[in-house]
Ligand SMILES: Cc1cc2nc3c(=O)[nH]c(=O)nc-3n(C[C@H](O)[C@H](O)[C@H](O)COP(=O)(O)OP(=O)(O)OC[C@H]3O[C@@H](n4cnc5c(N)ncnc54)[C@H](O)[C@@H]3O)c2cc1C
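Taking the form predicted on its own, here's one chain by itself in structure tokens.
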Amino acid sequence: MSEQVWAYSGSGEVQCELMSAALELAEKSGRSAVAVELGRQREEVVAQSRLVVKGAGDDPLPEVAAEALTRAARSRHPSTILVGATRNGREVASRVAARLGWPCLSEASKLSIDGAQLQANRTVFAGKVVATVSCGLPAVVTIKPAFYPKSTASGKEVDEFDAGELTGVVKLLSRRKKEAGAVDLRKAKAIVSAGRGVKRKEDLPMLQSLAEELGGALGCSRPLSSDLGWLPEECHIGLTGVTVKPDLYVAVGISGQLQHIAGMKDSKVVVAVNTDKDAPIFQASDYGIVADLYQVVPAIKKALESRR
């Protein structure tokens, strides 16, 4: 086992965040941090040391990425592999851990190494409790996007590994491109989030208009994306969706179950609109409006327009 901490994500931005975690862990344990990139070296990734894995292509499917990482790990023997806990990243991490026979810690933070043990914090019970967990090394760890700042440490050390033929691992039948104009909610400064209180899909433009007036984006709770399909999965904010930390979060018609709160609890200012005065969302809000969203949203938008 080498003294290396690897950081991998299919997103260059998330990988820069992972490098901060890798550097922190490496400095504490006397190891080195390495950015693992599949197919090509990414300009947006900032890292002191890189390992470019050839053979997987520049944008591989999770199955292909997992096999490429597995082959590279079997050859180079890192002590830890950090993977971004994105939708694809979770799948990659679990596959790599299973193939290597390594333990896998999910949604971890504040990593440290004590001898042959990896210790970490992770939130449980939808963010209500922070648990300290540990496992033996080597290990795979997933880390939520936006938890760590982007790394600023750069260098020129580049190594390469040829993973061999990987195109036969999985057959791609089709790939649906992300819709034009899709917004990354993790970058939004303001978010208007729609919940089950919105009666019809045709009413969503009203909330989209408010989000645009605030210079932000439209998000939603799980039922609107996963159950009803009114919005794409990328808009789902919550424990199993996107974690956001905007300056302003407006929860419209959202009851505020623990799973949703876990995805937006670090927002700077939270405003909630709900007809139920006992809705849990008010416990996580800075400002609460107990009223019908169909009256409140147009009134807020009108007030904003009058201040132009």
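Keep in mind it's a predicted model, so treat the numbers as computed, not measured. Sequential numbering from 1, following the sequence displayed.
We do not show the form predicted in complex with the ligand, though everything after this point is about it.
Remark: all three candidate residues (G197, A279 and Y294) come within 4.5 Å of the ligand in the predicted bound form, counting heavy atoms only.
Though the partner is left out of this view, S49 does not reach within 4.5 Å of the ligand in the predicted bound form, counting heavy atoms only. Taking non-hydrogen atoms only, Q283 never approaches the ligand to within 4.5 angstroms in the predicted bound form. Contact annotation: N274 falls within 4.5 Å of the ligand in the predicted bound form, judged by heavy atom distances. At a distance threshold of 4.5 angstroms between non-hydrogen atoms, V250 is out of contact with the ligand in the predicted bound form. Among the residues R122, R222, R71, R95, the one placing a heavy atom within 4.5 Å of the ligand in the predicted bound form is R222. Heavy atoms within 4.5 Å of the ligand in the predicted bound form are found in exactly one of 131-139, 208-216, 232-240, 146-154, that being 232-240. Along 251-265, residues G253, I254, S255, G256, Q257, Q259, H260 each place a heavy atom within 4.5 Å of the ligand in the predicted bound form.
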